[in-house]
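This document opens with one chain alone, in structure tokens, the form predicted on its own.
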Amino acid sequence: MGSLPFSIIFIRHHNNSIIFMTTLPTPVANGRSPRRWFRGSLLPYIMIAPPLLLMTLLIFLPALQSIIRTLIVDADGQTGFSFSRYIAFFNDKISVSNLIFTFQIVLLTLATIFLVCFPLSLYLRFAKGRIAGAVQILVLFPLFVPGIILCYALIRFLGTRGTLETILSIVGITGYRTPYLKPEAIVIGLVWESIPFTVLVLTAGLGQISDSLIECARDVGAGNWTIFRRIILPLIIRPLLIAFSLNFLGIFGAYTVPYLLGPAAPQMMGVYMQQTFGQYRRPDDAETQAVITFLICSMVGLLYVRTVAKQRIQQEESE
């Protein structure tokens, strides 16, 4: 016999009479109590609603409005669909040179970051002892130094008659040329800022490679180069892409380091936008520059989202 949709309770009264009472069943949703259903199905959406709403109001909506304005208001202020503001940007030699300069700085900085951080990550992953702990502390130290303090420290260290030039003159090396107010200073500052984050991402990715896998490769006669090329490098591609994407986004829109350490011309896009908006009083041109920067960074952002989503799907399938 199937279960009844209600419960029967027998209560014996003090005069030996029996009273029958029925109770209605507790409402369920898909075999779960309402509280469990709320926690498992509805509560997560309620929790993510405020940050999603905040992101929509402060990021997506202003970005969409700026894109629409650059397309419906032309360079002369006339209303109507037009690409004239973008055409004017790419016809302006200063704007194009600043965009090219930004790409050059970004690519050079990224190459330097990985040349510095990848060996450090490999060392911190496989090395043990106090020296490795000290190296890790030094690697993470720039994480706690504000960018503006870093810039003024580099000015005092790298500038003319600064600390570095003094040390070189003591050991008899002359002819020092300071990188301050040159593209090299921007690269040095941005690399310094990016080291902690990049090492953390790469070290976390290397940490997912089990020691047993490497030991098995050694047991069959694989050397260090073979292990790196056949095991470590293929498994570290995804963390490398994540580090590349996030560093690209941060460097492309950097402002403090390029403004304080870089040359007056050409300028990186972050500095150029601020100059156009604040000093030249051309908010429409600054908005066009911002949209172009946003579109370039969005393409790299899509690479990051695709990489993270693919990693999550693979983890769910493996579980």
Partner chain sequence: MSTLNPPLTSGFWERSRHSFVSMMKRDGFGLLALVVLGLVILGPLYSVVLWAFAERWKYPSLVPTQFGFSFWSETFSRADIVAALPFSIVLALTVTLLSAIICLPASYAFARMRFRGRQLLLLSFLATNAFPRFGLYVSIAVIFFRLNLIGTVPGVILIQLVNTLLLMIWIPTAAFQGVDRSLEEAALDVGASQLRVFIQITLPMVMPALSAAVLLTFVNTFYEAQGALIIGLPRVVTMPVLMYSLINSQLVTQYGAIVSFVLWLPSLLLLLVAQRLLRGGYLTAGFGV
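This is a predicted model, so every value here is computed, not measured. Residue numbers count along the first chain shown, from 1.
Same protein, other form: the form predicted in complex with the partner chain, not shown, and the subject of what follows.
S.K.: Heavy atoms within 4.5 Å of the partner chain in the model of the complex: which stretch among 104 to 112, 90 to 98, 157 to 165, 210 to 218?
M.R.: Selected stretch: 157 to 165.
S.K.: Tell me, out of Ile227, Leu71, Val201, Leu235, which residue has a non-hydrogen atom within 4.5 angstroms of the partner chain in the model of the complex.
M.R.: That would be Val201.
S.K.: Counting non-hydrogen atoms within 4.5 angstroms of the partner chain in the model of the complex, say which of Leu206, Leu240, Ala222, Leu246 makes the cut.
M.R.: It is Leu246 that has a heavy atom within 4.5 Å of the partner.
S.K.: Going by a heavy atom distance of 4.5 Å, is Gly270 a contact of the partner chain in the model of the complex?
M.R.: So Gly270 counts as contacting the partner chain.
S.K.: Can Pro146 be called a contact residue for the partner chain in the model of the complex at 4.5 Å between heavy atoms?
M.R.: Yes.
S.K.: Look up in the model of the complex whether Tyr280 has a non-hydrogen atom within 4.5 angstroms of the partner chain, and give yes or no.
M.R.: It does not: once the partner chain is placed as it appears in the model of the complex, Tyr280 has no heavy atom within 4.5 Å of it.
S.K.: Applying a 4.5 Å heavy atom distance criterion, does Val171 contact the partner chain in the model of the complex?
M.R.: No - in the model of the complex, heavy atoms of Val171 and the partner chain never come within 4.5 Å of each other.
S.K.: Residue by residue through 180 to 203, which ones have a non-hydrogen atom no more than 4.5 angstroms from the partner chain in the model of the complex?
M.R.: Counting only heavy atoms within 4.5 Å of the partner chain in the model of the complex, the contacting residues of 180 to 203 are Tyr180, Trp192, Phe197, Leu200, Val201.
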